[in-house]
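Coming up is one lone chain in structure tokens, specifically the form predicted on its own.
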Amino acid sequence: MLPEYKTSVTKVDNADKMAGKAIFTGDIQMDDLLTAVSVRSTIAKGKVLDIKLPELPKGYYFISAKDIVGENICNIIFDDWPIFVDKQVNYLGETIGLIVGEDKGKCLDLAAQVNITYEEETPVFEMVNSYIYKEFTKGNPELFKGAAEIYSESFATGYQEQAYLETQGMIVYFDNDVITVKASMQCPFYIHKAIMRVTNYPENKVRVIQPAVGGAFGGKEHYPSLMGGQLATALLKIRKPIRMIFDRPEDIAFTTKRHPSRTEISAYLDKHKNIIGLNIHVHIDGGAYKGCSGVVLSRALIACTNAYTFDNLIVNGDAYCTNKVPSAAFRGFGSPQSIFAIELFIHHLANHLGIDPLELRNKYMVKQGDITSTNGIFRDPIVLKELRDKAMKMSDYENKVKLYSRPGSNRGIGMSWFLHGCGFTGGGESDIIKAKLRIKKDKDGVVTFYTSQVDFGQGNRTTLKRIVVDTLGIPEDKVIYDAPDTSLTLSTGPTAASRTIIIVGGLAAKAAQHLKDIWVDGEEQEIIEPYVAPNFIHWDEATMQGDAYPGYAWGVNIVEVSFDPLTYQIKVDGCWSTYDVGHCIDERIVVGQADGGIVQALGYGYLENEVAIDGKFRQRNLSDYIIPTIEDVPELETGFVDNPFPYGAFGAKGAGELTFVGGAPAIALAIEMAIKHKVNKVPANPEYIMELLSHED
């Protein structure tokens, strides 16, 4: 029997999706609609000397850098990623051009006949060339010189594929001389700005409209800007509607992934086994272009001490340039990599010192009033102990630890606890995003509000609408909230970084309350609500010092596994989670996020293995890139501790990314107990376990 969620309502898009009526990018039909396919580089690094095209039939076109009328730059954060290769190739599969025509099969045949002559150069596939470096300190690291002992370890995480249901897809067309875009995306205004830059079109001549979107997880935050620049260039030349939709092998092979990482941690200990402080260095593989790697690195560094407080820190990190597909956003945005490392490190350190790991972890657990890693303050109540105790009771953790620690048990149970900062780092919200929400009332009392938040399955349209309905206290059918359209919507920022509910939801509640306060029946009224950061937020980006986030969400994951010593396979037998997401506005939606997040995290921890050899991914589809299925997932038990956040709508905080970040360390620690051997990287798949057990410590 399904649980009853007293706070929940039916999702606004439920009926259309259940009936198969939702219109995705691939469902859109237009007269004279053409198809685009990519012509990609076949080398990882080198110069393009010559491009020879086959004879193109009438109505078929080749689009390249020569056709760009504006700047050949994909508008992200840094100006280093070209829309099309001009002369220099920097990764295998980089887009050199498009073949556009009526028949996709014919376009693919023509693309395969394009003959490109290169001057090959020596590519770099290892993390040796840093293109972004960040650092900060806390306390007095000079005290490290008096340490009685230094304990060090290194941890690694691999690529992870977003594996969204709907692959990357986009359609562009002219509507009264306005470049109009519909796409599977997360950030309409990112695409909007990218197309303006490539085409030199003014703001009012570019329009981005969100259709139904089948999943994203960060993978559709930046890559659609690249596609938008390519297709808009083709549109200017051909003047007919054009659609490009990747098949699964192309999507896996050439779109952005989670950054692989290596994290090195050293603990400086006094003679009483107390931790004086930590020295942490995080390395991430950014791929061929910087993209958002600087921001991912920042979050990884800020989260590197996780839900622990240490008085003295040296923290630094590098993002490396390699001749591989660029890495970019993925649920958690850098924190899963560093939280995996610190959770296992503390556990291993305790074992090294002969201390119960739970005792050591409890000793340094963060509490309200503590100083953050970047010298901010944890100002709000922290209910991590309650989350821990509730999860341990749900799972019978202590008894199972005693039972499974025995030799030959082949079973294990692991626990992680974790935090996740809500919103963009530091001054990102107030200085860069500068969100503004628009809400209007007509003479009949019908209220329409506008945001740029994309609902790609997580329930944003339902939850944000509910905030406005409940604040105004009017019937649901009197409130209209449609999918984003940049011709109508002011930018409330990207749908990313666990910011939708805490930032945009907060704006929606404030705007609705302001409208309620001035409500006059029979009159048209409008409110423009700008985001104003809490006055306690002070952040120095150059030194990475201050309050990194307006608030934090918290969680505990416990995972139980069994190990087959014949096949080296791991089976997940149980999974229990507790979360503080402030107050659950719609509990069923939050549970959906929690279930999806932990399953995706378990895959990251023990199944999903994407390997690039000489810049080429060995895995090309969902038959050889294995993600968890229903057969791999036990019944999931999820609980919450209500801890309303004063700056969130109805006390809510972010939930989407939080529910991912603790899964990998929890399952890795469970696997450690089952195989009686340390784990230092994920995925801890059978091949890695076999390698571990074939060598002595």
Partner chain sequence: MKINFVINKHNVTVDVDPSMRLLDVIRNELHLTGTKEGCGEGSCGACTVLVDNIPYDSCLTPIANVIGKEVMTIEGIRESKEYNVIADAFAKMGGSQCGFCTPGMIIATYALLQSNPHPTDEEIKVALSGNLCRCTGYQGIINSVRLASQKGEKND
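Residue numbers count along the first chain shown, from 1. Worth saying up front: this structure is predicted, and the values here are computed from it rather than measured.
As for the form predicted in complex with its partner chain, it is not shown, yet the points below apply to it.
Among the residues S409, N621, T543, T448, the one placing a heavy atom within 4.5 Å of its partner chain in the predicted complex is N621. Here is the short version: of Y190, Y223, Y549, F217, the single residue with a heavy atom within 4.5 Å of its partner chain in the predicted complex is F217. Contact check for V213: a heavy atom falls within 4.5 Å of its partner chain in the predicted complex. At the 4.5 Å threshold, heavy atoms of I630 reach its partner chain in the predicted complex. For T425, no non-hydrogen atom is located within 4.5 Å of its partner chain in the predicted complex, even though that partner is not displayed. When its partner chain is considered in the predicted complex, R248 lines it closely, a heavy atom lying within 4.5 Å.
Look at 597 to 605, 347 to 355, 174 to 182, 498 to 506: in the predicted complex, residues with non-hydrogen atoms within 4.5 angstroms of its partner chain sit in 597 to 605. Using a 4.5 Å cut-off on any heavy atom, the residues of 12 to 36 that reach its partner chain in the predicted complex are, in sequence order, N14, A15, K17, M18, A19, G20, K21, A22, I23, F24, G26, D27, Q29.
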